[in-house]
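Heads up, the chain below is alone and in the form predicted on its own; it's given as structure tokens.
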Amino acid sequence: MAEHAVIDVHGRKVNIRRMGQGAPLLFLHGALGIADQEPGLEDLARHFEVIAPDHPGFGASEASGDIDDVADLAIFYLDMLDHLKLDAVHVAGQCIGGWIALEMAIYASHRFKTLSLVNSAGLRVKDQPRGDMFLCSEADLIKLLFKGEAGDAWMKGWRASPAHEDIYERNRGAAAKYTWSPRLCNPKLDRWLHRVTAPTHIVWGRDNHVIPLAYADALKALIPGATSAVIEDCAHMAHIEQPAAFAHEITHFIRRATP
């Protein structure tokens, strides 16, 4: 079970959850935040001490008026690593969490033992349109995020109580703030990815219609030495839909990269 704590990072209060034992692994969540049950994180916690914060403005973390975009979030998390006295750490990021991690690694790859990118946002790839998580009905959103039936249970969890619904809507608002324009990308990111020197593994759902598989190929081509893997029967929410495969890819990559 995760232990929650609110920490103060230069006057910005952020909720972090910790679970498991072992080498620290910072998990940066995607645009929908972190739900009560995150089976992929629970699987990772069998091998690592998972540190999973709510981004500022998400979940139980306070919004911060001076954190405006993903670049600001990246600097904030480098400050958080200092606060936690983590000189170097494994980092895994899903969706916008992967984008945040990339922005961090461009400036401070030495803070990363490894980097795992799971269905990561951040890039703009010509002639490869992304799905829109904001301008669709709830039913269509579930179809966009999931290939199988896991989405119904995931959404049911968010609708379990008014408090859960409030957090869900808060998460969507914060995601829109950070990613609305330009949508889910930094148009200049591609020109700086050669600076990512940490061992990097790219994990993608075969049926991801939010950020299609072509984006995984583009990231692999731009990040020196990056490896990649595709999870079958999986869309955008790999840590929910295929948690065992999600955790396997990250765990085995870390073992290969840091013998």
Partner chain sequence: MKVFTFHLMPYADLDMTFMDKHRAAWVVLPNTYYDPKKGHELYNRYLDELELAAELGFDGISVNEHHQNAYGLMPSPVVTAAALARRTKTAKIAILGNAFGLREHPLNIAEEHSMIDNITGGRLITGMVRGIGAEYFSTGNNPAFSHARFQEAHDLVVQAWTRPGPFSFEGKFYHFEYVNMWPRPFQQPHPPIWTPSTGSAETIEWAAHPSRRYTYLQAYSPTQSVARFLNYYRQCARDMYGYTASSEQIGWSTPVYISDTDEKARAEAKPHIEILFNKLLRLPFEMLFPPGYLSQKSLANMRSHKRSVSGQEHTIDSLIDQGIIVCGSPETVRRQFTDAHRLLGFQNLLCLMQFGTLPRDLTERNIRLFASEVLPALQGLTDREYMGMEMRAAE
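Computed from a prediction, not measured in an experiment: that's the story for all the values here. Positions refer to the first chain, counted from 1.
We do not show the form predicted together with the partner chain, though everything after this point is about it.
J.: I need to confirm a contact call. Of Val125, Leu86, Ala176, Ala108, which residue comes within 4.5 Å of the partner chain in the model of the complex, counting heavy atoms only?
T.: Looking at Val125, Leu86, Ala176, Ala108 one by one, just Ala176 meets the 4.5 Å heavy-atom criterion.
J.: Asp68 near the partner chain in the model of the complex, any heavy atom under 4.5 Å?
T.: Yes - in the model of the complex, heavy atoms of Asp68 and the partner chain come within 4.5 Å of each other.
J.: Does Leu135 make contact with the partner chain in the model of the complex, using a 4.5 Å heavy atom cut-off?
T.: Because a heavy atom of Leu135 falls inside 4.5 Å of the partner chain in the model of the complex, the answer is yes.
J.: Could you tell me if Lys113 has a non-hydrogen atom within 4.5 Å of the partner chain in the model of the complex?
T.: Looking in the model of the complex, residue contacts with the partner chain do not include Lys113, since no heavy atom lies within 4.5 Å.
J.: Although the partner isn't part of this model, could you tell me whether Arg170 comes within 4.5 Å of the partner chain in the model of the complex, counting any heavy atom of the residue?
T.: Yes, contact at 4.5 Å.
J.: Among the candidate stretches 95-103, 161-169, 142-150, 77-85, which one is within 4.5 Å of the partner chain in the model of the complex when only heavy atoms are counted?
T.: That would be stretch 161-169.
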